[in-house]
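Next up: just one chain, as structure tokens, the form predicted alone.
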Amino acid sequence: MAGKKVIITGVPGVGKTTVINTAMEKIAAEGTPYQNINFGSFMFEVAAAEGLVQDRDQMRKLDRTVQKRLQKLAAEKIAAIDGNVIIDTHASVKTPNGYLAGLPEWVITAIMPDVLVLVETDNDQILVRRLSDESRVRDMEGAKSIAEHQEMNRAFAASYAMLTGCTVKIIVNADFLLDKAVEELTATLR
């Protein structure tokens, strides 16, 4: 399909969606249209229709084989979209049994992204953001656990680049520096 495919990832609470939404406003004003697809929403819609979950936070606790099937269905839908697409997702999902690839081989090769963006920031900042977000039900974990998850995301991103030939861009979304993160993402989307 024609168009640029950009996968944007980050651990829960890093501010990924805020960076995406603000960058999309800027890039649209420049005349470059993008469609923003939330990978988890695709998976959630299928899982909810099947009666497997009632909210998105239950997704990561599903059986691994169920998660794989939902990932494949979402990837097939996204791969069929024409034009510039941002795929808002997670490089890895922390489950009770360990880290699950957010974009395993059958997903990443279906989408074939041009760029994979990792949105990161200081582990303590993520912890504070999570604690102040009452809209989500998140597992409690400390800064050390968040650091491990960000490290795992980098490892997964390198693997995804090996499978697809895409580049990996790291954007830091530090407190009070949202404009800098947005400008970096906007430049990547051009």
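Nothing here was measured: the structure is a model prediction, and the numbers come from that model. Heads up: residue numbers just count along the shown sequence, starting at 1.
Not on display, but discussed next: the form predicted together with a small molecule.
- At the 4.5 Å threshold, heavy atoms of Ala161 stay clear of the small molecule in the predicted complex, well away from it.
- Contact between Pro113 and the small molecule in the predicted complex is not found at the 4.5 Å heavy atom cutoff.
- Mapping the unseen interface onto this chain, Val85 falls outside it, with no heavy atom inside 4.5 Å of the small molecule in the predicted complex.
- In the predicted complex, at least one heavy atom of Asp175 sits within 4.5 Å of a heavy atom of the small molecule.
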